[in-house]
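One protein chain, two forms: both are listed below as structure tokens, the first as structure 1 and the second as structure 2.
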Structure 1
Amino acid sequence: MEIAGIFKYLYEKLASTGLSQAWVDIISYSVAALIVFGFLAVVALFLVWWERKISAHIQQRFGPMRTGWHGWLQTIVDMLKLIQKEDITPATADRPVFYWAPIVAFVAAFMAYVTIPFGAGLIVSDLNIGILYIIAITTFTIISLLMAGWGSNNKYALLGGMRSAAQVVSYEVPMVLAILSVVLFAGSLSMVQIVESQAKIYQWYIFRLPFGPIAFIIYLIAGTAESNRTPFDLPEAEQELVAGFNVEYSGMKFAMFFFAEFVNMFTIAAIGTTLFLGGWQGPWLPSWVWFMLKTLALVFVLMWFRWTFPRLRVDQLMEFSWKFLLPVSFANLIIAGWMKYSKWFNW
């Protein structure tokens, strides 16, 4: 069953009430924003539980088992606990910066969902600069990490914030270049048109040898680094920086950072699905089911990374990006350009 029809029906109902077009747009976008927020809250709660279960099973444990069937209520209970926790601001902190950091972190992650296609027609607004907008808006996460690190006036937090800024900045360039090779073939920045250019399974960009798989792997590595996850989780390395930029945060502010982190992970997987795995396209099942299946599969891969690889050293991390990923992604882009020019793919 396609969900897009329901929204279209509701939009036409709203338009037929005689409100002016501007108000119809404002109301429908606000409702869409609330729906996306609700969806992300459910997804984040599910992903936290899923990550705990996956990590437990990889380490031959059970993970949460007591609250609900196999502990599925655990994260909901955790959230209810966090909302009741006292919110402590350090006396020497820079208060406004400290206060706004989690808000920036969440809003930067949330605003990417303006133009992520969840299914055929299931997109809030198909911007013609789609993927460029997403890259631009998700980069604001760096600012929130720096704000948290600086605002806390804590040495661990500052170190974590600086490190994560350096890391995210370094992996941004290979990621953008990997995305560019897809844009080159799709000939458009719009997310919907990128998905529509991969109608058949052999047209998925991951299967377009030789540039596709390379771009996908670069994207996945850079995406893992962008979302600050192991093996690139130096900003919050528990053993040396206790928790990095969020040491001083407690209560709802801490929860917002956590929420934003899981939303970011879902964004990385959703963009990977859209660009390389054919987005919502697939036989038999409704389009949004295909999108969710592919995205959750990518999320699973990211979690699998986390519980399989050891953490890199900070110098290895930076040199891997600048001395290996960057030249490779430039070479890949030139190969993609040559393939496009020579009409390598006739389909």
Structure 2
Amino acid sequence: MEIAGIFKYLYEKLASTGLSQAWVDIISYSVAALIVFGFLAVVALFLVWWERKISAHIQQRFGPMRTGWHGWLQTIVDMLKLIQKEDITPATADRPVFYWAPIVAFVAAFMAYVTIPFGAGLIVSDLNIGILYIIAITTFTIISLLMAGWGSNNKYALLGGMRSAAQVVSYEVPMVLAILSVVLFAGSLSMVQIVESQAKIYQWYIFRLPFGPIAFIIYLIAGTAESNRTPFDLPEAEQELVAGFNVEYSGMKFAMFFFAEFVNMFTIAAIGTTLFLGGWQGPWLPSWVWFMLKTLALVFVLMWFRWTFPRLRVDQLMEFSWKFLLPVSFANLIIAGWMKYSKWFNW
């Protein structure tokens, strides 16, 4: 087991106290989990406020302004309101499935951050299969949405859950192929080693012509679909499904779905930064500052997408994945392999 960066010091201190290995692991990882959870809670609150302001400016209005400076307290007030709301379970719901669905969504969104490097040494665990772990753990989101749709015993919720299953499975394939083109060049599944292979700005994989920009665009489109955001928000589709898979949820359970959505958006941006934009690499500023700047820039792009493009029809959504993105992804992976082994641009 390896604990990197800021967690290494804590781990070594605990080990020197004479505690058993099991207790050292439990305490060190519990502290790491609390730190990451606190960070993600703040990030999610900020992103909700930021999206409100971005959408407002796109639509030539101010957004929240009254509660706090430029409305920064509005999201906190909304969070407190959701916590206080009554938790209602439909009488005909499948109670165990209905109860666990938002928890699975929340945990899946949270667990991805075990292997995401926030800076030089700022990582919980540098697994040698880091990106594979992230792909696997984030797939649990689809299970949570199916659970929510089925457990609600509501036809609109069930339709939203089934749409989600079809959508996530469809866009997972081109997304993984785009990631594989980077893994092929980096020669490793470790997130840290992928970042270290992009030491110079001209080595960032987004600049590796011709496969880099194509892989990045495919990843960004598929990531938008994976996080169920417009123009790929068919699982929710408020105008058609009365909120889709989460229609029967209230209070804290609804807040957990809402939290998971914004954390997943940040996750997509963080992985994109790590794979294509050099991760924490950058001059002068601390490594974590570069990571956050790049990640928030990608989050802004995802928000820009949402408030610019209309929702696709379900047939358009599926055809776009299987008939366009998938062939392009395979072709791009072949080009990346040819570039790698022909030593073309192999800096």
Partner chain sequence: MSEYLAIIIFLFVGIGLVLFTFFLSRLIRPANPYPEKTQNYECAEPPIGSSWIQFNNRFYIFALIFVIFDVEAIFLFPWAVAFGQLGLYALVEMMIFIFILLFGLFYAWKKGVLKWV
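Note that the rigid core is defined as the largest set of C-alphas that superpose within 1.5 Å between two forms. Worth saying up front: this structure is predicted, and the values here are computed from it rather than measured. Each residue is numbered by where it sits in the sequence of structure 1, with counting from 1.
Note: the form predicted on its own is the second of the two, structure 2.
Relative to the superposed rigid core, Ile335 undergoes a CA displacement smaller than 2 Å between structures 1 and 2. After superposition on the rigid core, the Cα of Ala297 moves by less than 2 Å between structures 1 and 2.
After superposing the rigid core, the Cα of Ile26 is displaced by 2 Å or more between structures 1 and 2.
Once the core of the two forms is superposed, the Cα of Thr17 has moved 3.0 Å between structures 1 and 2.
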